[in-house]
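Next comes just one chain, in structure tokens: the form predicted on its own.
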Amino acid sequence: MRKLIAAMAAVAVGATMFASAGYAADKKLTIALIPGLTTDAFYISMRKGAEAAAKAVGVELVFQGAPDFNPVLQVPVLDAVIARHPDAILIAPTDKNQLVQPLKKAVDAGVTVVTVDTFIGTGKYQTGAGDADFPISYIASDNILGGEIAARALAKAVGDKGKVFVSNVKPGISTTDQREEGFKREMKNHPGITVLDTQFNDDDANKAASQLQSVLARNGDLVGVFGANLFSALGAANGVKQANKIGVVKVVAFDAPNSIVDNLKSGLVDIAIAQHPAEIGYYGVMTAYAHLTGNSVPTSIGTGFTVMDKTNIDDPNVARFIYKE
């Protein structure tokens, strides 16, 4: 973690030094941010961090995205942004395979590509291997670690015994794939816990609620569920509520919009794992700017997590990581 913090600090300081030295002063750089979707508080917080960085170094920030997390909708947005010829694109790819070729078009057009939150290919960039290593950097939470943190929190909440499962979106999304991977990896250290088959809900909270009730009907001793994203978690939590099992079936949610406060206090959700999306946006812009102005940058930068529950949600040092609407 110290190395990651040092890397982020180096990017910020280096970029600011180039700005103060008047590097590329003859041209105002343009950086475009394409989120996974425009309406989610996570990406709104990311935008705010990106705006702060853009203001700090004097670049123009363009924000353009689709209303849903869907590669079919994101690719036309990407094409439209490429047509505007920005100097760099920060993008949260909605599929790690389907966005490879569309993003190659950006590179072919001379646009620097940085992936934020999600990645393409393996997420290992600038290696000279594979056809998806061309972005200069990947900036995001360490989602495997986030899944491990969620598993440890759930294991503690259920007394290290019983049946649990993962409510996930669909295969092929880098972040949620890794959260599930980290969760299952950590649960191997808890032999008293049985991890049931993952339920994929296609980002439909109502479907997640129905799946929770179906799993509960087959496993009356179910004690916990990990929602790999917010819709999965809140859908599963509503399923717990409908089954009158609040407090019996523990719910761990990934992500923390404003609504999570009431959910934690009411007991609908037991634990929330908050990412730091504003940091992702901030360091995304700083990384792109540093690269564009001739500075070397890390090929990956990780940001942190904050674990929230009803006992600490009113602590200002915790509450400040709630996502901005």
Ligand code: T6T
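Position 1 is the first residue in the sequence shown; the rest follow in order. Everything quoted here is computed from the prediction, not taken from an experiment.
Keep in mind the form predicted together with the named molecule is missing from the figure; the text below concerns it.
- Segments offered: 282-290, 41-49, 295-303, 54-62. Contacting the named molecule in the predicted complex at heavy atom distances within 4.5 Å is 41-49.
- Using a 4.5 Å heavy atom cutoff, none of Lys163, Gln211 and Val251 lies near the named molecule in the predicted complex.
- In the predicted complex, Phe231 approaches the named molecule with a heavy atom inside 4.5 Å.
- Mapping the unseen interface onto this chain, Thr118 counts among the residues with a heavy atom inside 4.5 Å of the named molecule in the predicted complex.
- Remark: Ser137 does not count among the residues lining the named molecule in the predicted complex, judged by a heavy atom distance of 4.5 Å or less.
- Heavy atoms of Gln178 never reach within 4.5 Å of the named molecule in the predicted complex, leaving it off the interface.
- Just one of Asp255, Asp95, Glu148, Asp87 comes within 4.5 Å of the named molecule in the predicted complex, counting any heavy atom, and that one is Asp255.
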